[in-house]
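So this first bit is one chain, no partners, the form predicted on its own, shown in structure tokens.
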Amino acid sequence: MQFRNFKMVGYVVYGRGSFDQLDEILSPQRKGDAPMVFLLDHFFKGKALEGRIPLRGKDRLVSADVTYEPKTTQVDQLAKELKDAYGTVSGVIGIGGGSTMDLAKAVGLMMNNPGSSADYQGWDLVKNPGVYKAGIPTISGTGAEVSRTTVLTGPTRKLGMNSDFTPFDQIVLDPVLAEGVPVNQRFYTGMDCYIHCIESLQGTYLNEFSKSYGEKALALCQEVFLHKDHWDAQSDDQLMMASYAGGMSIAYSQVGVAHAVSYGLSYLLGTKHGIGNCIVFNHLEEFYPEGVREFKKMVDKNKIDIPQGICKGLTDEQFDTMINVSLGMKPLWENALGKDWEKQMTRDRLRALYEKL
């Protein structure tokens, strides 16, 4: 039997105010006058966090437009700009949500790999280590800070660059950065973590490694979204750790039906990952009955709107596009339904599921 030998994040710093150590953390990683490139979620343009970034020398601050999830064209363009301007860089630092961190991972990889990032969408296709990469989440739930993938929308599919070279070398988990996230956005992203846990804990790939992390992350999500009367500083601490543990849980297992279906929505309609997972999970009683019941309680308790009818009026061709993208996520379906998943999840069954959304 071959056991999975997977790469984890190199260094982790956790704590309120730990962002202030960033200059000290990055100093040993600087190579001559090659700059550090900071990709900052455009949400923070002109805000206080922008002024706290420790820029030195030729360092470059890029306002990362993550209105839509990262595209291979966006990654390629940014990597080309950096190569043309500097030849090489000391590192790429992603500060923001999952999309910003995924963008940083992808650009970091493409600094040292030829061709287009679309060439590396899949499993273990990346051949060379990227430049130094650090991730700093400002919202909790995606698990992008610890995952070995960087999810990208390419010309023909939405699929990650899944490789041992993808994880960050360093992450900075400072719950203060997550304060003040709008309630709906915090919920959608937090539910990404909750859904990771449900899918991982009920999947066929489950083992004690993923179970240990998944159970802890699930308990933290339940505490924050079900059992607390109001949001407080501790809630930010707890959700940031839930995101980390949820990401670790799927590192050794996989996600499942909600993620596989939401990739189709994202590819065709541009639906953001967190809200897409919520839209899909709302209709998955047949696969995750207890999880969906609890999810609906969380939606009610937190007074959240889950959009309905987003697939209304789509053409057969558009449904086929989503189905093709979704069925391409083979490990996710296998984790959810087992080795014979293709017999269970027919195109007609998947079409009927999309029609409900």
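Numbers follow the displayed sequence, beginning with 1. Only a predicted model underlies this, so the values are computations on that prediction, with no experimental measurement involved.
This protein has a second form, the form predicted in complex with a further copy of the same chain, left out of what is shown; the following refers to that one.
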Only hit among D119, D164, E81, E179 for heavy atom within 4.5 Å of a further copy of the same chain in the model of the complex is D164
Contacting member of W123, Y86, F209, W231, with respect to a further copy of the same chain in the model of the complex [4.5 Å, heavy atom]: F209
Tell me which of 262-270, 149-157, 69-77, 233-241 has residues with heavy atoms within 4.5 angstroms of a further copy of the same chain in the model of the complex? 233-241
Classify Q170 as contacting or not contacting a further copy of the same chain in the model of the complex by the rule of any non-hydrogen atom within 4.5 angstroms, answering yes or no. yes
Report yes if any heavy atom of Q21 sits within 4.5 Å of a heavy atom of a further copy of the same chain in the model of the complex; otherwise report no. yes
Contact of M248 with a further copy of the same chain in the model of the complex (heavy atom, 4.5 Å): yes
Hey, in the model of the complex, does E215 get a heavy atom within 4.5 angstroms of a further copy of the same chain? yes
Taking G32, K45 and I53 as a possible spot, do all three reach a further copy of the same chain in the model of the complex with a heavy atom inside 4.5 Å? no
Only counting heavy atoms and a 4.5 Å limit, does any residue of 6-41 reach a further copy of the same chain in the model of the complex, and if so which ones? F6, K7, M8, V9, G10, Y11, V12, V13, Y14, G15, R16, G17, S18, Q21, E24, I25
